[in-house]
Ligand code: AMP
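In the form predicted on its own, a lone chain appears below as structure tokens.
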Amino acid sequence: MNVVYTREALQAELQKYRAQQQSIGFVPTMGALHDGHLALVDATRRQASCTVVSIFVNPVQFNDPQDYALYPRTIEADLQLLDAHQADLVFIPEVQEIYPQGTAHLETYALGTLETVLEGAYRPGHFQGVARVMRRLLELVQPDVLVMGEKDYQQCLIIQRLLQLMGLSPRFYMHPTVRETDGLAMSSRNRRLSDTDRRKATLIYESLMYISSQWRNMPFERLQAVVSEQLQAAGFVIDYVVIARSADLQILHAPEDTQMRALIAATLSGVRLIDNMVINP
């Protein structure tokens, strides 16, 4: 496994693979890796000859400077995990490698309504930040295969839109959410939960399961209110509990004959957690 820190070194390594006509798979991460990330690496290895992983905590996608400062950084442990899972190339840039002109006055993207609903509404500017870093990483790596996790479903839709804007067409694989044995979606933020809150956090998964089982039996507004009340009673601060159309995340108020998705964002003791679950009519 090779580890590089600069654009030039990354390009030099990628050129070796391209000279051998090897396909390149890419997994962008912010580090603090867990089994969910490693499942993406394993999936990429099955779909491409060379697996490239980036580790970069992107400052321009954080609305809260404290959240950026507290984001876990575990590079040595991450590299050990990636080596064990046979990643081929790891790119760990500093901020100036990604934003050589600084982070002020950056470009904006026509992301449409996707950046105004749900995560976009509660984290204004977040998806512009995601698009900015992903554009740069995609231009550098030029992958044949791009693998991301379904837990961040809205982000996946944003990246699909960005690919259209960039005129790129890698094979995009959205890997199913990887969960702990009790159902909690794996997330780097989970390690910030106390033992007590970690046990409470499974209520998000249980709430999604409840919505999935009950959406035919009661009005959406009532179902969402019941779930919100249960979460609030357990100590969560709710951003949203919704059922939306999977294709564009437009919030629904009644069932549609199309794939739908239940989505929840809630904060527990200062740790913000998100999860979602598909609903097939």
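Remember, predicted model here, so these are calculated numbers, not experimental data. Position 1 is the first residue in the sequence shown; the rest follow in order.
Missing here is the form predicted together with this ligand; even so, the following discussion is about that form.
Contact between residue 176 and this ligand in the predicted bound form is found at the 4.5 Å heavy atom cutoff. With a 4.5 Å cutoff on heavy atoms, residue 144 does not count as touching this ligand in the predicted bound form; it lies far away. When this ligand is considered in the predicted bound form, residue 30 lines it closely, a heavy atom lying within 4.5 Å.
Mapping the unseen interface onto this chain, residue 34 counts among the residues with a heavy atom inside 4.5 Å of this ligand in the predicted bound form.
For this ligand in the predicted bound form, the listed stretch (176 to 184, 97 to 105, 205 to 213, 162 to 170) containing residues with heavy atoms inside 4.5 Å is 176 to 184. The contact with this ligand in the predicted bound form, taken as any heavy atom within 4.5 Å, belongs to 152 out of 88, 197, 78, 152. Residue 40 is the only one of 52, 40, 241, 48 with a heavy atom lying within 4.5 Å of this ligand in the predicted bound form. Contact annotation for 54 to 79: a single residue, 71, has a non-hydrogen atom within 4.5 angstroms of this ligand in the predicted bound form.
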